[in-house]
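This document starts with one chain, in the form predicted alone, laid out as structure tokens.
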């Protein structure tokens, strides 16, 4: 099989490219525009794994011409939920929506299947903010025994509300999902959509609005400021995290099942067992490094921020027999080891990325 991965020098794209080449023996081509600082560091990894690299941009359909593959894994995006709110909406929409359109047109012409990485941020901000939460220890938790449409103590399921505002970023991804659905109906395009929560692990260039897990680890190891922002400024907000290798395990299964599970959408994340609050992550980082930072506090909450998101990955588990295998502690240990071994290359990038350090 020949696989084309867009966003192939990004953290997720390059990691999937390397693992599909090394573990499955696939012929893999990675396409990327190098917009994000640090993506250039992926080139050596890709080359060592036998992955071909093409410098291109999905906003330009011409950059896809001449490429051929059996499967497209669409990882390219402007991934920040805060993107566009300072007025720079054009790159966000052109990449996340029109770029997806260009990729679907390419897949249609080449008869390629598609695995599309969407986001948990397609869900309604208001509905997520209205979940019944209580403080338990140093985190927000759903009130026990409570349940509703698309949510339970297991987390957020695929039928949770997408009505109402969901961020500009989330809207571009939801619109892309609808395009994929139409291409399936109109042209027989075979596709699976993964609504991913927080994906992390070694080789993620952590920053404030995308990659907080690595950001937190890097600040504890390399030094620099951090602050809890929003929801009272206590760091009680919760996300589940998923090691990129656990994502690979699922994607590998999806590739084999694409013919008979095309059209399905799955919530993909670590679930409640692999979830963490910022306050809890601070304690874990302090234990790992022996460094205890004095964190700042900004109580005010940004309009696009949410206090709690945990993926209910039950549908993916039932369909594929898959579940995340790596705990928060294991992920943090691997990230810290990577940060230490590659400090000379990473510290300049992550120091730039992490300026301010408010999450």
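Numbering follows the first chain given and starts at 1. Given the structure is predicted, the values throughout are model-derived calculations rather than measurements.
What follows is about the form predicted in complex with a small molecule, which we do not show.
Contact annotation: of the candidates 191, 104, 198, 238, the single residue with a non-hydrogen atom within 4.5 angstroms of the small molecule in the predicted bound form is 198.
Checked against the small molecule in the predicted bound form, the candidates 176, 275, 229, 119 yield a single residue with a heavy atom inside 4.5 Å, and that residue is 119.
Among residues of the shown chain, residue 59 is one whose heavy atoms approach the small molecule to within 4.5 Å in the predicted bound form. Looking at residue 204, you'd find a heavy atom of it within 4.5 angstroms of the small molecule in the predicted bound form.
Residue contact check for residue 267: none of its heavy atoms lie within 4.5 Å of the small molecule in the predicted bound form. For the chain shown alone, residue 79 is a contact residue for the small molecule in the predicted bound form, at least one non-hydrogen atom being within 4.5 angstroms. Partner proximity in the predicted bound form, defined as non-hydrogen atoms within 4.5 angstroms of the small molecule, places exactly one of 167 to 175, 255 to 263, 128 to 136, 183 to 191 at the interface: 167 to 175.
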